[in-house]
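One chain is shown next in structure tokens, namely the form predicted alone.
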């Protein structure tokens, strides 16, 4: 009899440190890492390049030609698009805004939700995104929601982009981040918010390793329901 996959969700706004933390957590648990934000970014960029606007039929046709997968293991896991790894071009704030707009389209969210659930149905993983615990994997064994001030997150995003060799403007990124927060938190479909049973952690209070230690503390306790949030 096959074991039920272990699903751990990590949600939160842009620049809160989800990606780094999710990779480290997946590596420490030796399970796969699913970067769902990369999926939205890839779809947003494709739809923009195709000039779809809000043409539902055109969007459906394009989505029918998209196939996401997961290759590698633990922190080396990588989302693939039509069997090719996604490149650094999806990591800019401009593409992040395209992802946020795409995320407001029900047809896109339904397509990616089905894809993500298919992957999680057969693979233990750490799923990172914005509505993993609240919408995509409501039955996940453990759910976490990371948060931090827009300024803290903008500083982290600048560091992340510069480490990838991408020039970054702090003021512009902060403004874009605030705008995207508003867009994500107020959208009609799956707005950004913690699942009722998620552990909420203010990452501004911790270094990355401190956040990881807090999550491991929860996992080791075996308590799937949050008591006092961090």
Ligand code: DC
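Residue numbers count along the first chain shown, from 1. Small disclaimer: the values here were computed from a predicted structure and weren't measured.
Keep in mind the form predicted in complex with 2'-deoxycytidine-5'-monophosphate (DC) is missing from the figure; the text below concerns it.
Mapping the unseen interface onto this chain, residue 36 counts among the residues with a heavy atom inside 4.5 Å of 2'-deoxycytidine-5'-monophosphate (DC) in the predicted complex. Under a 4.5 angstroms non-hydrogen atom cutoff, 2'-deoxycytidine-5'-monophosphate (DC) in the predicted complex lacks residue 154 among its neighbouring residues. For residue 187, a non-hydrogen atom is located within 4.5 Å of 2'-deoxycytidine-5'-monophosphate (DC) in the predicted complex, even though that partner is not displayed. The closest non-hydrogen atom of residue 143 lies beyond 4.5 Å of 2'-deoxycytidine-5'-monophosphate (DC) in the predicted complex. The stretch from 167 to 175, 58 to 66, 22 to 30, 39 to 47 that comes within 4.5 Å of 2'-deoxycytidine-5'-monophosphate (DC) in the predicted complex, counting heavy atoms only, is 39 to 47.
Between 2'-deoxycytidine-5'-monophosphate (DC) and the residues 125, 99, 148, 79, the one pair within 4.5 Å by heavy atoms in the predicted complex involves 99. Residues of 120 to 148 lying near 2'-deoxycytidine-5'-monophosphate (DC) in the predicted complex, listed in sequence order, are 128, 129, 130, 131, 132, the criterion being any heavy atom within 4.5 Å.
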